[in-house]
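Shown here is one chain on its own, the form predicted alone, set out as structure tokens.
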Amino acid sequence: MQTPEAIKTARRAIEICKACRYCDGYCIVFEAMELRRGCTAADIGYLANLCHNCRNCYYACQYAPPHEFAINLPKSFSEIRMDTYRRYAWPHPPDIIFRRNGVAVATFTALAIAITVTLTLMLRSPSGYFKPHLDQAGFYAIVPWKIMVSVAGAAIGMSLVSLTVSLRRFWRDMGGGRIFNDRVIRVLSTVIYDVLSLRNMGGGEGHGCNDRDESFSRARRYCHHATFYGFMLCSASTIVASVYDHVLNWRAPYPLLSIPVVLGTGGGLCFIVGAAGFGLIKLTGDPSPVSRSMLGSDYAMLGLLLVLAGSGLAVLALRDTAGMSILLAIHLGIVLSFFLLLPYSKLVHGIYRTAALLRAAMEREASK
């Protein structure tokens, strides 16, 4: 269950917001708030995941600290969101995974790298391992294709099953009803647009978020775009490379201006720009609307994205050298860690926010 104190704090803030109504129309959270007479724990979980953390309400609120009411919705909602990730995670991990998420992610990633490097060293002799691989065997000379695909497929499959079960639990508690119905189909295009454009990070009046202080900015929205579309480019690169190898019989490594390399390089650079931008915003921003309990998971996610992209680009840059084998093993260990940790890291927020956006769109459709 979500912690009673976090629920109590959030409920008190919501009741004051509903009485004040100064922020009506600021964002979809206040629209959804107005559709509810009461506010159950499930409602609060839904509203918290609907919040895009633009912080407009915090800087506009006359009851924010230092007022005695100390209303701080962004901070309260971020604590509830972290509780959501822990509560609905499946298989349910020990609570310490979420309480010390930064340490957990760093430790697991280090272990995944150590195991991958050890196993690849066992597959090749030292003389064959530390030498340039310029022949057609390429990366598969280090890790055979069947092993690479089997391990990656198992990790991705486990993550997908875990995320599906978690999402189903959240949707059920949120009172979303049947996922396949006419209303969902009618609002689906709106939800897809909201997710791809991050329209709700435009702020209450379209000026942007209060990323660092009272001034408006679109920096965090752009960083989100860079990270999300960087992931999509890397995924596209992997798919095209698979078609090249297994359909067209064109073996890796591919030229620098080939489609897989261009897509992968672009995706990696987007990852780095997005993660570095997020980090800069966090380091220079006003800490008042931020929950300190979230910082560990935030920095762990950014660190994982940076080493994931950096190791991939390093493999590309040094693929013709004797260092390619060890770099490839490190990169594959980080990729493995990324997918296995997906349900237990800050990255999981994407599925809960998408579900909350779908629910909000269904409510708007029903209220017409």
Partner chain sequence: MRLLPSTRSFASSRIYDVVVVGGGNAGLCAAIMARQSGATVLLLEQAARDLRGGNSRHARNLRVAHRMPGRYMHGLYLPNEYWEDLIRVTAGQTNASLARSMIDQSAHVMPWMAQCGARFQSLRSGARRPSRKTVFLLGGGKALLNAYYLTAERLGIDILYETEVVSFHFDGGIARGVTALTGGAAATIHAKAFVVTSGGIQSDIDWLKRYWGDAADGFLIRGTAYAKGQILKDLLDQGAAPVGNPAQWHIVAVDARAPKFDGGIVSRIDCLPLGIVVDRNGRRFHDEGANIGPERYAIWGNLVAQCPSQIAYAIFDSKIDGLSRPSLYPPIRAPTIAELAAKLALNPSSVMATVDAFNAAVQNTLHGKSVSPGHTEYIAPLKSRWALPIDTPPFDCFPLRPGVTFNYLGVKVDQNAHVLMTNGRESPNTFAAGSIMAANVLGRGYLAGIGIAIGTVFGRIAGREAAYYANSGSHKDRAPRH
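Because the structure is predicted, anything quoted here is derived from the model rather than measured. Positions refer to the first chain, counted from 1.
One more form of this protein should be noted, the form predicted in complex with its partner chain, which is absent from this view; the next part is about it.
Note on the partner interface in the predicted bound form: the residue among 306, 60, 39, 340 having a heavy atom within 4.5 angstroms of its partner chain is 60. Although the partner is absent here, residue 203 sits close enough that one of its heavy atoms falls within 4.5 Å of its partner chain in the predicted bound form. Not displayed here, its partner chain is approached by residue 26 to within 4.5 Å at the level of heavy atoms in the predicted bound form. In the predicted bound form, at least one heavy atom of residue 214 sits within 4.5 Å of its partner chain. In the predicted bound form, residue 12 approaches its partner chain with a heavy atom inside 4.5 Å.
Heavy atoms within 4.5 Å of its partner chain in the predicted bound form map, among the stretches 46 to 54, 61 to 69, 321 to 329, 297 to 305, onto 61 to 69 alone. Along 305 to 338, a non-hydrogen atom within 4.5 Å of its partner chain in the predicted bound form is carried by no residue at all.
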